[in-house]
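Okay, here we've got a single chain as structure tokens, the form predicted alone, with questions on binding and movement later.
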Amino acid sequence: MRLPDFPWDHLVSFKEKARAHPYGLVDLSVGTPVDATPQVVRHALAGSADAPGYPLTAGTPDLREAAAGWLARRLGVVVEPSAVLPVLGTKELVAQLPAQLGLEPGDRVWVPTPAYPTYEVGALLARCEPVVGPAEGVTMVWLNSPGNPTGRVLSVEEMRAVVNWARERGVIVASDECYIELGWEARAVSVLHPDVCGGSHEGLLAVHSLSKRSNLAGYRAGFVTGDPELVDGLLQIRKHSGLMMPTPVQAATTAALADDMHVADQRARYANRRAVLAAALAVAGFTIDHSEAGLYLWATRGEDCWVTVDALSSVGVLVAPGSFYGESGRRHVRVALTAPDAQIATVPERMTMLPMAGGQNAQSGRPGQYGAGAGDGWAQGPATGGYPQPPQPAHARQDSYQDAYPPENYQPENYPPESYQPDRYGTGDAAHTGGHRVAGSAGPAGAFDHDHRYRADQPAPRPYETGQQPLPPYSTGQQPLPPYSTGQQPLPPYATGQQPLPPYDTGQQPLPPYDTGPSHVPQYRPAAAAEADVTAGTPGPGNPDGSGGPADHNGARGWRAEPDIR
């Protein structure tokens, strides 16, 4: 079996190039969460750390009920708790589902495009043939809404048409819905919603992950639900395979599914990052397609995706090429929202250094080199990649821009008024006239000079110059949960009623040396000497109690002279 190469291995050289940038690396190539795992989840995990026995493959009753409750509360989907099956992160299920459902070699699996590569890999692992549309011989269909990488949301009508097509042919439909709570301009609908499936889950499966919504990628937590008969079949196979979610992770998953507040907080973080990145990409000449939901921006400059990847890595930004997701993504890149706020804040400035498609710089239209430098303002760059240098202050490069805009002595007509300065502008000791600073008077860095142009030593732009500010912690109006504010308290040591046993408190005492019953063996003496002691009736090694005569010591000779081996 020939599987595709693992795509992200091809990004290693571009990652090293981006890391070498003076501002450092901003890795937007993988949708891996970077924010803290919620406290309510961590407390649940720690509270279940004492788990010596094997977990239940089917999941604890609490987990299954929490999942069913979340589906009803958030998605309008009603399932029985018995139709919920926990999985070890949804990627392992996606990669194994065709095989676990019993598809035969040569069967066809309809996969979306462009799409997450594991749908195709799962078909190949089952020796099936992946196809990108309805075809003869299809026995399974994958849906993905919101889509990865495009962020496209399928309409109810589109999903219903696929479900009806599949049911007419007895085909299973599996829907990967791991981004379903991250809708921006559109809200995704589950394949199990009555508007899509008509109230019947026959032949349908929905796959849900907690990696993105709850920052649990390191826990490997998800579940599959839908047609009870299909779920039970998967359960039997997974029992034999030993695919069991660990007990502490089941407790953490239960807590995450029961709490909606941390999801709202995380959505706010992603919404802020999304706005900053979308604005920066638009200024740099990108077009963003779809991206109405999910964790990514699907962006293009109308050029081959690898050219864009190389250009962005030159300013320290790493993205995923669209070709990872199929040929239809050849001219796009996928930009993830998963980087810390401090790194996201540097992207707008980095985009001003980005060479435009076709070799033009995005900021000025000059022939493309990477970054500002000496001479004509554009560095030739080192032979190893030409990384941009940090932007220099305006006074350091004003001689290089004789053709800069606005032209010298330029001033908009009738603005500002003669001698105008904003009231109390600056903190210097310049005179004030009528509440306004006199034009040409001394002032701090950034003040107007005599011809109403900003002085060259004005401060550099600050982060979030796009007009958006980073969200302070919990500025959505929701407050973080204090420790154990769910009503559950941590158990003190041995609070279950069982006490530790003190040493030997079972009623048994340690045996002293040779205290098992046999007496100390007397020192060996030759038989003649022992006989003499007994005959004489005198105490001695052969007759310690001084008793007399052989009659008083039946077998004494045998005991004292040699072992009785009868």
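Start at 1 with the first residue shown and count on from there. Quantities reported herein were computed from a predicted structural model and do not represent experimental measurements.
A second form of this protein, the form predicted together with a small molecule, is not displayed here; the remarks below concern that form.
Inset, instruction - Counting non-hydrogen atoms within 4.5 angstroms of the small molecule in the model of the complex, say which of 352, 272, 338, 211 makes the cut. - result: Contact check passes for 211.
Inset, instruction - Let me know the one among 179, 286, 110, 298 whose heavy atoms come within 4.5 Å of the small molecule in the model of the complex, would you? - result: Checking each option against the small molecule in the model of the complex, the one that comes within 4.5 Å is 179.
Legend entry - Partner-proximal stretch of 171-179, 235-243, 286-294, 151-159 relative to the small molecule in the model of the complex, 4.5 angstroms, heavy atom: Stretch 171-179 is the one.
Legend entry - 4.5 Å heavy atom contact, residue 250 to the small molecule in the model of the complex: So residue 250 does not count as contacting the small molecule.
Inset, instruction - Look up in the model of the complex whether residue 225 has a non-hydrogen atom within 4.5 angstroms of the small molecule, and give yes or no. - result: Result no; residue 225 lies far from the small molecule in the model of the complex.
Inset, instruction - Check whether residue 91 has any heavy atom within 4.5 Å of a heavy atom of the small molecule in the model of the complex, and answer yes or no. - result: Flag for residue 91 set to yes.
Legend entry - Partner proximity in the model of the complex: residue 324 to the small molecule, non-hydrogen atom cutoff 4.5 Å: Contact with the small molecule, no.
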